[in-house]
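Take a look at this single chain in structure tokens; it is the form predicted alone.
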Amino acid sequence: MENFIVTTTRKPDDTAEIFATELATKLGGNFVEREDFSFDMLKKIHGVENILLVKKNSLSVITAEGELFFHPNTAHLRIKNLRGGDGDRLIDALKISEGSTVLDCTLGLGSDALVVSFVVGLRGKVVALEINPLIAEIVRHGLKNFSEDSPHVLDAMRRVEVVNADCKDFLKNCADNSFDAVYFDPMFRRPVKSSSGLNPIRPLADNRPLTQEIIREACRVAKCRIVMKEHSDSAEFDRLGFTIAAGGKYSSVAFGVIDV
């Protein structure tokens, strides 16, 4: 049995029901009429762990840890700071600018991809990979339809290309030097539990560590630099051959880089 179903709010319009059935077909799940059931009851009846919920103008996933939905989160403030002339640790680590091409191998909720898209602009390109189809779908839909932000943020959202794929497989099919930079933000080996906003994504996230094979492929695909985000004292940097970038002395998060 599939580990998710697709449903709607209790009183959906025809458009929402049609969209929900289309999503179920696309993602290989089952559409279930909501009726008056609670989410817990629907999970119990259908033996699933997650529910893809179609609302009037948005999508979300009900997981064991809460409701997961798209929102620009810190990207809005980071873009505002960039527009004001301040720096951004990820952008500094990637060494990108207008016109750069970036492969984000771990989309997650899309905050980093959005900031990168703003920086590379119309002449650049951001391809963002997400292995979980439910996360990929809600973030893709959010980037395409979210409307409560400034025009330059919304334009950056629309330019992110979301691909539901395993980064290992995707990288193997990329040509040599096909992106200026490749970025990884894997689930930390030691989770930051205080980041409560990430809790709903944890049941869906890919917890596998990066492998040396993946990093070798990234080095082949990247023209200039590979960047990985991890806990500042993580052993992953040494294991995978990254040098920790300068900056963020008092931050619990660090960026490791490999120049190619």
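Don't overthink the numbering: it's just position in the shown sequence, from 1. Keep in mind that what you see is a predicted model, and the values were worked out from it rather than measured.
One more form of this protein, predicted in complex with a small molecule, exists but is not displayed; see below.
- Although the partner is absent here, residue 111 lies within 4.5 Å of the small molecule in the predicted bound form, judged by heavy atoms.
- The shortest heavy atom separation between residue 127 and the small molecule in the predicted bound form exceeds 4.5 Å.
- The small molecule is not shown here, and in the predicted bound form it never comes within 4.5 Å of any heavy atom of residue 116.
- Using a 4.5 angstroms limit between non-hydrogen atoms, residue 206 touches the small molecule in the predicted bound form.
- Using a 4.5 angstroms heavy atom cutoff to the small molecule in the predicted bound form, none of 51, 61 and 137 count as contacting.
- Residues within 4.5 angstroms of the small molecule in the predicted bound form, judged by any non-hydrogen atom, belong to 179-187 and to none of the other stretches in 179-187, 141-149, 91-99, 119-127.
- Of the candidates 42, 27, 201, 219, 201 is the one whose heavy atoms come within 4.5 Å of the small molecule in the predicted bound form; the others do not.
- The listed set 107, 79, 157, 103 contains one residue whose heavy atoms approach the small molecule in the predicted bound form to within 4.5 Å, identified as 107.
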